[in-house]
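Given as structure tokens, the chain that follows is alone and in the form predicted alone.
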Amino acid sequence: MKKPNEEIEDQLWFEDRLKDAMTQFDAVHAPKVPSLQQFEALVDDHKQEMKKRLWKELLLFWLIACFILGLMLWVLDRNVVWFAILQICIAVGGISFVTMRFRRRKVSTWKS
């Protein structure tokens, strides 16, 4: 353990030799903090971009859903057997997809 005099001497040595260099280093490498207006503008821009992206994704979802619904109704109108086969294939695919995702998540949870 250092004595109080040694700590004071160390502090004085540090101030004599390195304080100017450290102050200069801090001044050069200190991050510039943006103003509050810049942060608010950044947040507003991000919100607007997210809204546009979400509306585009919603529109794409509705278009795909309408296409799939129309296709399924068309298949139902043409042939009931093919409609049933298509529904069974979709159900089996969905169940297998969910099972694989759940199993993968459960295994990764146990590993960590």
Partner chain sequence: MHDETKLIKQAVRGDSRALSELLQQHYSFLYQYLLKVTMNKNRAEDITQETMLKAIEKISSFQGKSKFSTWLITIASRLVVDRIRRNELEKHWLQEQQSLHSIRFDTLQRGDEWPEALQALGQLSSDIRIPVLLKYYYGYAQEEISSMLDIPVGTVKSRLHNGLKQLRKEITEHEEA
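Not measured: the values here are computed from a predicted model. Residue numbers count along the first chain shown, from 1. If you superpose the two forms and keep the largest set of C-alpha atoms that fall within 1.5 Å, you have the rigid core.
If you look for the form predicted in complex with the partner chain, you will not find it shown, but the lines that follow are about it.
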| query | From the list 50, 63, 84, 73, which entry has a heavy atom within 4.5 Å of the partner chain in the model of the complex? | reply | 50
| query | Should residue 46 be counted as a contact of the partner chain in the model of the complex, where contact means heavy atoms within 4.5 Å? | reply | yes
| field | Touches the partner chain in the model of the complex: residue 42 (any heavy atom, 4.5 Å) | value | yes
| Counting only non-hydrogen atoms and a 4.5 angstroms cut-off, does residue 96 reach the partner chain in the model of the complex? | no
| Do residue 92 and the partner chain share at least one heavy atom pair within 4.5 Å in the model of the complex? | no
| Heavy atom within 4.5 Å of the partner chain in the model of the complex - qualifying residues of 29 to 44 | 29, 30, 31, 32, 33, 34, 35, 36, 39, 40, 42, 43, 44
| message | Core superposed first: is there a CA shift of 2 Å or greater at residue 12 between this form and the one not shown? | response | yes
